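Here you get one chain, nothing else, as structure tokens; it is the form predicted on its own.
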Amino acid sequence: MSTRKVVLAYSGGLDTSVAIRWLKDKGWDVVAFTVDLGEKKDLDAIQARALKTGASAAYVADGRAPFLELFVWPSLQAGAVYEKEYPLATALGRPLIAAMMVEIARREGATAIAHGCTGKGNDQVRFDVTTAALAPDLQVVAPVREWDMNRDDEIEYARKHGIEVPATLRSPYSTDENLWGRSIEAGVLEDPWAEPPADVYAWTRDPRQCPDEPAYVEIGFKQGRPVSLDGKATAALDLVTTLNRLGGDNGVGRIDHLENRLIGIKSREIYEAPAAVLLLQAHQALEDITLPKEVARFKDLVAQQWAQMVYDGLWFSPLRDALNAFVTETQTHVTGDVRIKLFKGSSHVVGRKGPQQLYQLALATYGQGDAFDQSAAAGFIKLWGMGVRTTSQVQGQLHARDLGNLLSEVKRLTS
């Protein structure tokens, strides 16, 4: 059997540990690749486990900074939230991992990449499509889609072949995490009527156990990217880490979402995303004060399209590139500060300001200093209502009938 080389996205867990031996048995020379996106794993132990399990080489890369700068911040600028709830944490991490795997494959002379995704989830699409976009010549191997093993079978396979895995007991949940959020599914969560039990949460405190006094944080932005906390310049990694801790301590960031997966099934997901929730909230508040009305309303459509494309694995696509150009242009004046109040599971914007804000006190105030020309309103309203007035004059009998019915109903209700 000839040996071919494959780069495996290696997490160190049961699936990918078994995959190393399974791929070797299929004639593959396996190169393990692990990317740190903020999972707080023992990367040295993972690397050693990969080599011991049979990988010919094991790479570990720190992807935290490029994850935030190249994937999270552009999506924050876009305001991308999938189905109004999910900040896209896992979905944003996969194209970066796949892109880095392609680079390792080129360096190693590999002809394929492999991942441990199942045939039921979204991540398989993200890995496969990203590879197709960046390196269409590379083969994609997905052992879990091919082998006929359930979890118990995998545990037995690992025992039979002397594969060390960190745990063999069935966990009640399936989890994934990075700097932008933590996702939890399976177990009791598969019942959409069941309230998530306390042990689901790891990053966020029960609101009933949060401090009795509110906490405040000021987030500074420059052209739509967060750059400071409480007036102090803060690097991206430290900024997100701090907001995850602060938000979690105050119970902010819990999301219970019944979402539509790409493959056509509905799935109940629990997310913890304190930093993402706070930053998306703050960014929206700053846009509210700096973007013209027409730009803001059209940008809502772009945000929805962006979120859908990221969720569907189309980060590396012509349309996403084109949308990015639009989003970047809209952020030119999104610079300023937002103050947020956190209290027992809630967060509210309580202040916002920017050097190029479109809110002008002289136009908005009803008090002293009012610079608004109220006499201009009459002419504006006359022109604005011209279409309605013309319709009423030409087709007035229709409106008269509708008005008569309405007045009859009002009379009946008030008699």
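Residue indices: 1-based, along the sequence shown. These figures come from a predicted structure and were not determined experimentally.
Not pictured, yet referred to below: the form predicted together with arginine (ARG).
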**Asked** Are any of the heavy atoms in residue 154 no more than 4.5 Å from a heavy atom of arginine (ARG) in the model of the complex?
**Response** no
**Item:** Contact test in the model of the complex: residue 91 vs arginine (ARG), heavy atoms, 4.5 Å
**Value:** yes
**Prompt:** So in the model of the complex, does residue 86 come within 4.5 Å of arginine (ARG), heavy atom to heavy atom?
**Reply:** yes
**Prompt:** Is residue 221 one of the residues lying within 4.5 Å of arginine (ARG) in the model of the complex, judged by heavy atom distances?
**Reply:** no
**Message:** Just to confirm, with a 4.5 Å cut-off on non-hydrogen atoms, which of 125, 184, 165, 307 contacts arginine (ARG) in the model of the complex?
**Reply:** 184
**Asked** Considering 73, 343, 311, 203, which brings a non-hydrogen atom within 4.5 Å of arginine (ARG) in the model of the complex?
**Response** 311
**Complete:** Within 4.5 Å of arginine (ARG) in the model of the complex, heavy atom basis, the matching stretch of 330-338, 295-303, 275-283, 176-184 is 176-184
**Prompt:** Going by heavy atoms, what in 206-239 lies within 4.5 angstroms of arginine (ARG) in the model of the complex?
**Reply:** none
